[in-house]
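Before any questions on how it binds or moves, here is one chain, the form predicted alone, in structure tokens.
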């Protein structure tokens, strides 16, 4: 059953095929607008809540060029790609649209059938405009002094997203995600200030503060009979400081915490510069008992060489692959390969971005050890996690996993 009177815009240079699609969509109670010229489409006023069926193979402007223009114009309409090209080309075009932060929701191979359109429209969630303003704050740009004061005066806080052992259903860890409780702007999310910190040489102080808060929280949970491994993201600047292993060791010793309770997540891109220095630092961190996770695995340029060089204990599969495994064969194959690789290298595998029961079930079949995502729980303040755990504890059945 589709939402009555959804506005669907068809962009296809074949007038006969465009009309055929229009007739099928009209039969599904949709309001239809046809464009056989991609130029005319781009020159029109496209409603933000519409659905655009975009053909890739058009002589005047091809679908990839249209995607580029839609991104430049920050068009927020939901996009369904259609084409007679093979699935690999469609998949690549979909990934390109996502990389441009367009709201691409599905892809269909020609000839498109009525049942295909019905399924796509029925599965569409209520329209949400994607956030294309990452790094900006509504009231203006932040300053170096403002962020430095936030770190110094303890305006930062951590929210924690639970990580579940997929076999036992046990809560085994949580990822610490920083938030800025600004005195005037309210709660500010990391994509709005972490890149700024990296570009202004504040990421070292920011990460040090986050790690200190995570260590203190882990000790507190331990004192309250909750043994929980906490993961913290570290940046390229962090792993260029030769003093980092000693600094972290002193922190865990001060709080009488086992260093294995702290997992440091490092992205592949952070490892690309100063390779010798980062290898030195990460090897010594492992020698001191800390866990190391390679984050967003599969999105970098030299994944396998990094696994060979650095003593990682955990492989974290990028959510961009995980979220699509229930309907995308390529993503499913990549995730299966990552899980198998993790097993061969005796590494814990963590899937992030688990948002549905079906994705959970598929990951469990693959043998993935750990999962995190909205299907389990959204990130939450530390005190909320305890109350969430009280409700969850003793209920490994995934049907009973829910946010507070």
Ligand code: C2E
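As the structure is a computational prediction, the values presented were derived from the model and not from experiment. Residue numbers count along the first chain shown, from 1.
The form predicted in complex with this ligand exists for this protein as well; it is not shown, and the discussion that follows is about that form.
Contact with this ligand in the predicted bound form, defined as any heavy atom within 4.5 Å, is confined among 214-222, 307-315, 188-196, 106-114 to 188-196. Although the partner is absent here, residue 62 is not a contact residue: none of its heavy atoms lies within 4.5 angstroms of this ligand in the predicted bound form. Taking the partner from elsewhere, residue 203 is found to have a heavy atom lying within 4.5 Å of this ligand in the predicted bound form.
Taking the partner from elsewhere, residue 234 is found to have a heavy atom lying within 4.5 Å of this ligand in the predicted bound form. With a 4.5 Å cutoff on heavy atoms, residue 226 does not count as touching this ligand in the predicted bound form; it lies far away. Proximity to this ligand in the predicted bound form, taken as a non-hydrogen atom within 4.5 angstroms, holds for one residue of 210, 239, 90, 171, which is 210. Listed residues 96, 177, 151, 144 were compared with this ligand in the predicted bound form; 177 is the one with a heavy atom within 4.5 Å. With contact defined as any non-hydrogen atom lying within 4.5 angstroms of this ligand in the predicted bound form, the contacting residues in 369-386 are 373, 374, 379, given in sequence order.
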